[in-house]
Structure formats: C-alpha cells, structure tokens
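Given as structure tokens, the chain that follows is alone and in the form predicted on its own.
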C-alpha cells in the first residue's frame, strides 16, 4: 500500500485547524517539517503520495518551501533517504506554481492527475520525458528497449534513465527501470 499524506491535514496539524490555504514561507516550513517526519517513518523505497486535494490557495513561497526543500535532499548525490514522492489532487493553479518552483531548482516530480493519469512535471528535457513515458507505457523496461523506441544510443539512454532514477522519477530494479508503482 502506498502511504498517503494529506497535505491539508499536515497544514492543520502544524499551523491551524481552520486553514486550507498554503501561503507564506513560514507555513510551508511547518508543513514540510511535519511531512518530513511522516516520510522518515516510512520504509526505504516507499512512495509517499502528497495529496493536495483539499488545499485551496498555494503560493509560490510556500510551494518552494515544501517541495524544493523536501526533494533536494532526496535527489542529492548521497540522498538523505531512499524514498519517492508523488503528488495527487493538484489543481491547474497548483500545477502552474509547482512547475515554476521545480524548474527553478532543476527538479521534477510525478503528478497524478484527476483522471488517474501520471504525468512528469518540472525541469525535464523532451528526451527525458520520452524515456520516462516509454517506461511508464511498458511498466518496466530494459535500457536497449527504451533506446530503440526513443532513438538514442544505448549509452546515452542508460545515462538518461540513471538520471531519472537519481531524480526519484523512476526506480531501478536490477537491469530494468520501472515506474514508481501504482498510486492508490
């Protein structure tokens, strides 16, 4: 089962029970710290789903405080934890702000749309996106199969898939790359 973290619940537990809007950097810091505590308690390799379904407004400073500071340690050369994050319940307004924050920090995330479709958002090249989409379509893939489909040399494709795995957008499973898994 994929752990679900209700961001509104984290907001209400850490700031004020009446709040539904994520505004101000201080609010973002408190929410992020609570989310980090919940993620720290998960088993290595877990995919935490941050559910924004019940969040109204999201300002850029708050999104930056939560998402960039949450993801940078996970995507560092020596990650703080072997964990993954997927966003759910993202409105168009949220998506615009989230993508801007991710691009500034050269980060990307997997987002589950209301249709249940998973989408890669943030700072990714067209080739990275194509490789990611190929793995998503196949469910798991060997490097040479992805390379053939996207038109890359195996070495270049291997590097790209490894980078997507380091950025916590795919998982590496022996000689294959696989999606983050089903999001319940």
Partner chain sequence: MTAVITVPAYLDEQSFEQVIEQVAPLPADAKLLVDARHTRFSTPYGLTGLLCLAQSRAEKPDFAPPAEDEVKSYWSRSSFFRYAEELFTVRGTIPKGRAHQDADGILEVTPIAKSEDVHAAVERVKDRATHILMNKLHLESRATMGFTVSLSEACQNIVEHAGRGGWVAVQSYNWAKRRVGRQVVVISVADAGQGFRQSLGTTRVRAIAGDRWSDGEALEAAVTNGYSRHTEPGRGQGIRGIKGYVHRHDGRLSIRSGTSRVTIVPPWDDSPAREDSLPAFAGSQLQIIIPERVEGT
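Residue numbers count along the first chain shown, from 1. Everything numeric in this text was worked out from a predicted model, so none of it was measured.
Beyond what is shown, the protein has a form predicted together with its partner chain; the following relates to that form.
Undergrad: If the cut-off is 4.5 angstroms on heavy atoms, which of these, 146, 50, 66, 58, is the one near its partner chain in the predicted complex?
TA: The residue in contact is 58.
Undergrad: Pick from 150-158, 115-123, 23-31, 128-136: which stretch has non-hydrogen atoms within 4.5 Å of its partner chain in the predicted complex?
TA: Selected range: 23-31.
Undergrad: Using heavy atoms and a 4.5 Å limit, would one call residue 106 a contact residue for its partner chain in the predicted complex?
TA: No, residue 106 sits far enough from its partner chain in the predicted complex that none of its heavy atoms falls within 4.5 Å.
Undergrad: Does residue 111 make contact with its partner chain in the predicted complex, using a 4.5 Å heavy atom cut-off?
TA: Contact check for residue 111: no, nothing within 4.5 Å of its partner chain in the predicted complex.
Undergrad: Does any part of residue 97 reach within 4.5 Å of its partner chain in the predicted complex? Heavy atoms only, please.
TA: Flag for residue 97 set to yes.
Undergrad: Does any part of residue 86 reach within 4.5 Å of its partner chain in the predicted complex? Heavy atoms only, please.
TA: Looking in the predicted complex, residue contacts with its partner chain do not include residue 86, since no heavy atom lies within 4.5 Å.
Undergrad: Relative to its partner chain in the predicted complex, which residues of 106-125 have a heavy atom no more than 4.5 Å away?
TA: Residues within 4.5 Å: none in this stretch.
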